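Before any questions on how it binds or moves, here is one chain, the form predicted alone, in structure tokens.
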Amino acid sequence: MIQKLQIGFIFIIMYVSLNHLFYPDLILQLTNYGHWGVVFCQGLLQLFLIWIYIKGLSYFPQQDVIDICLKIGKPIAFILLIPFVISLTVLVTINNRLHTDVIISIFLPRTPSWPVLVLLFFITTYIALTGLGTILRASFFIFFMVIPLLLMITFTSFINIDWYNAAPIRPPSINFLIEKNFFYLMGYSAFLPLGFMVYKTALTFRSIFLAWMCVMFFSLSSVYIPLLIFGQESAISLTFSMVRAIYTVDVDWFFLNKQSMFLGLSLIGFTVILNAVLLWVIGRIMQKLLRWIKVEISYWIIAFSVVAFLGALMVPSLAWTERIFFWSVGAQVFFMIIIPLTIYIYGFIIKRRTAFYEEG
């Protein structure tokens, strides 16, 4: 039960970490009204994929995605999982760079990016090296430390909002479904790493559904806070509109009157957990796929963490970070669809075949 709670916390932390930067900007560019409709449509599509994923994993108790892919065949496992490792490494690189830029803009405007990158590199690598048990326990601590800060940010932002900016609230036209930005939105996925933790505890749709409802609340707030503060016309022209909206909130009665400080602290906690999970997944895939090399998982984690650090260091500007992020989103969407479907179809075939032999 405790591990299911911790996995639910990790699900929320990883989603919210991804959702506070480009996510609201993409929603604001997709429609001029009824933004909630786009958020729910994207959320429901992801919930459908999560259901397929959990249903497929349920056919293979005590086995993770790597075990299942190896059972299908080693060539399939290599074709599917090695590109997935590359995709995750790019995601760690982008996370490091994006969150470094935001942390510098909030706390250290005169500091170069490399000291912050070094700090993130050591913290995330250390947590990833300690293993899944420590990551799950850390998620418990980070969740109860950071989520109250985010709730405080959400409610204190009511000081500056103008409710007229929410109108009209009628559902948007479904034309956004064929827009390029909606395709990018689907790349905001954090459920695939859960399939690599199932050897610890079985996933249940109910527990993930409750976590998904929390994610929907924070997704809606990340879109509507900048929308209600700036209005559609101004918010659409901003980069990191959520961060800029929080900048405008002053609370004189509190010792930290700038709410952006809380957002910065929240992003640090989220990034550390998100990157640690991704690095751990990378290390586990490499260790199980390349067993004959006999390299410990810790060496794989350090090696890919160094690659991600050097990649983040070489990105010249925020514009390039944004460009690389959108390039990588296509791969994220591909794996979000292909991995759950592959596991579900293979599990369904195995179940039908077993039932046929038992009846015969």
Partner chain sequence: MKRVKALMMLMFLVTFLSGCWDIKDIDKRVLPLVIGISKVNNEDYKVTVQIPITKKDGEISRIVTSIDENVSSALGQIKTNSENAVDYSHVRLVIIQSDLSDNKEELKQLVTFLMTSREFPTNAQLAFTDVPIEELLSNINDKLGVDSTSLYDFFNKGAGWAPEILSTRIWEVYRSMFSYTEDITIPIVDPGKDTVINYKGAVALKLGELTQRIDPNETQLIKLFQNKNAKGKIENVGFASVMVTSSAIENKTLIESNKPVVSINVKLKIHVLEREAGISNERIKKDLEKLIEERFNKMFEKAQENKTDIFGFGQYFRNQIPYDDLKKWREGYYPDLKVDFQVHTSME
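Positions refer to the first chain, counted from 1. It should be emphasised that the depicted structure is a prediction, and the values quoted were computed from it without experimental measurement.
One more form of this protein, predicted in complex with its partner chain, exists but is not displayed; see below.
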Report task. Tell me, yes or no, whether Y33 is in contact with its partner chain in the predicted bound form, where a contact means a heavy atom of each within 4.5 Å. Result -> yes
Query raised in the report: Given that the partner is absent here, does P112 sit within 4.5 Å of its partner chain in the predicted bound form, heavy atoms only?
Result: yes
Requested in this report: Using the partner position in the predicted bound form, report whether F144 sits within 4.5 Å of its partner chain, counting heavy atoms only.
Outcome: no
**Report entry** Partner contact for Y126 in the predicted bound form: its partner chain, 4.5 angstroms, heavy atom
**Finding:** yes
Requested in this report: Heavy atoms, 4.5 Å, its partner chain in the predicted bound form: which of 206-214, 174-182, 144-152, 101-109 makes the cut? Say which one.
Outcome: 101-109
Query raised in the report: its partner chain isn't shown here, but in the predicted bound form which of L119, I82, L265, A202 has a heavy atom within 4.5 Å of it?
Result: L119
Query raised in the report: Looking at F270, F196, F230, W280, which has any heavy atom no more than 4.5 Å from its partner chain in the predicted bound form?
Result: F230
**Report entry** Contact set, 166-184 vs its partner chain in the predicted bound form - heavy atom within 4.5 angstroms
**Finding:** A167, P168, I169
